[in-house]
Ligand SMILES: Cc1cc2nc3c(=O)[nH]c(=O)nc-3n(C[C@H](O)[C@H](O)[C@H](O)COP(=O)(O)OP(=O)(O)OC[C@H]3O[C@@H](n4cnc5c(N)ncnc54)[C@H](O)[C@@H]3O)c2cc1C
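In the block that follows, a single chain appears as structure tokens, in the form predicted alone.
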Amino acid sequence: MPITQISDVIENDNCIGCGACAFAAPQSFDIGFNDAGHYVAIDNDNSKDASLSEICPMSGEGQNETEISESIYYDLRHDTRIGHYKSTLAGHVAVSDYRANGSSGGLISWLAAEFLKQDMVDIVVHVKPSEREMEGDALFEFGTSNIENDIKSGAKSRYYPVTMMNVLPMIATTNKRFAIIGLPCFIKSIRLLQFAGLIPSDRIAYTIGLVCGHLKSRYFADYLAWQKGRHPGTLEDFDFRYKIADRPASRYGFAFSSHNKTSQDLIVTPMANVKGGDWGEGQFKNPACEFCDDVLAECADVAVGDAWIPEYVNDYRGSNIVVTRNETIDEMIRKATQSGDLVMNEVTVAQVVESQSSGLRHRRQGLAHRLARRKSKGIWAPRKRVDPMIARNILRRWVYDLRSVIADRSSMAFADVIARGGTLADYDRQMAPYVRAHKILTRGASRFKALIRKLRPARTGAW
């Protein structure tokens, strides 16, 4: 099998825009937005340096997540769904305003602030509102913080494309201790850069991984705001995770400033009340996310996400699901729980899996199906930890196929509407057949699953 080139990754919509290749070979690559509103590598000289594919988290050429994790957390227990783990926990921060200002339980910002307070790191690298110079610039970017208040400015989830290209040179050349907060693919990228010797091994003190559904294009925020009267390209701020009292935590909203002539009122809208808010449907999804199998940030020292399980989801203030892999971080959490700064409880691996069951199914069974589809068409696909296999359930097969179509078409359709001065209705009209079909198919798949559950106790043998 020929060695994958970065050009294979780019040309087959598998680039996530992390910036590793542009950092390693700045003479050959840049990072920029493509027409669909995703960050991607731009190959300036048709580079054929095969070694670059080994630092690309999406190429399938370098070490995979299991191999990376095993080399770091070899003495911990391992589960194929969540990776290595020391502890599996759920809960929230009980001090200050971390929980109120966070997407869920506030643990990520609390951990980052504690790293600084306890002199465990010098600088935290995380996603923050960008310093925009003109209208239309990216809303968010990777930045640095070295005080608690700056950490809080980076709280909450950003369903928006980012790249590490602007911070990687500083991390590599500044003799400081860093903590990095990022998506699973970005943490994997950091690990591969460390293994390649491009970032000193002792430069990264701790990594915090975000449990991930998928990454969105820059048009996702525009689409949501447009439905509330704000024209694309005019946003100056956006809160993707606005907590709404007396609703389950999973029924959050989004918010942005109105910037009327006389006021700057906050416009808050439940995500369930607009189109595009169904995460499974996948409008504006980065196509590269369809070929990722890491949900629980398996290369990170601690993975933190939403506790979407019955015991926690009904509290609108939010709770975190946590997988620790680092002794020091695990001990920090336990001591803070004893002191009352945190409210954390042990949960089972099964509960962690339950909290991310949809994402895991889509990234494992769904990924196997998508790999098989590409293989049957002779299209390049990365090597993954699951083997190509067409989904056996025909309804599920159609769901996976349709989600890929929605991911591919939504961002480009939106960009086209904007470019020709179209309306919101023009975009919705283009996507309506796919969205309608997805609702019908997922409803059917759910009913079929419920039927199987009813029948299973009466049957014997393997299912």
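All residue numbers are counted from 1 along the displayed sequence. Note that this is a predicted model, so its numbers are computed, not measured.
Keep in mind that the form predicted together with the named molecule is missing from the display, and what follows is about it.
* Would you point out which of 104 to 112, 368 to 376, 67 to 75, 268 to 276 contains residues with a non-hydrogen atom within 4.5 Å of the named molecule in the predicted bound form? => One stretch meets the cut-off, namely 104 to 112.
* **in the predicted bound form, the one of Thr207, Thr88, Asn286, Gln356 near the named molecule [non-hydrogen atom within 4.5 angstroms]** => Among Thr207, Thr88, Asn286, Gln356, a heavy atom within 4.5 Å of the named molecule in the predicted bound form occurs only for Gln356.
* Since exactly one of Gly253, Gly282, Pro382, Gly182 fits, which has a heavy atom within 4.5 Å of the named molecule in the predicted bound form? -> Only one listed residue qualifies here, and that residue is Gly182.
* Any non-hydrogen atom of Gly305 within 4.5 angstroms of the named molecule in the predicted bound form -> Looking in the predicted bound form, residue contacts with the named molecule include Gly305, since a heavy atom lies within 4.5 Å.
* **Proximity of Arg158 to the named molecule in the predicted bound form, heavy atoms at 4.5 Å** => Because a heavy atom of Arg158 falls inside 4.5 Å of the named molecule in the predicted bound form, the answer is yes.
* Asked: With the cut-off set at 4.5 Å between non-hydrogen atoms, does Leu215 touch the named molecule in the predicted bound form?
  -> Although the named molecule is absent here, Leu215 would touch it in the predicted bound form, with heavy atoms inside 4.5 Å.
* Hey, in the predicted bound form, is Phe142 touching the named molecule, heavy atoms inside 4.5 Å? -> Yes, contact at 4.5 Å.
* Asked: Met58, Arg191 and Thr324: each with a heavy atom within 4.5 Å of the named molecule in the predicted bound form?
  -> No, none of the three is in contact.
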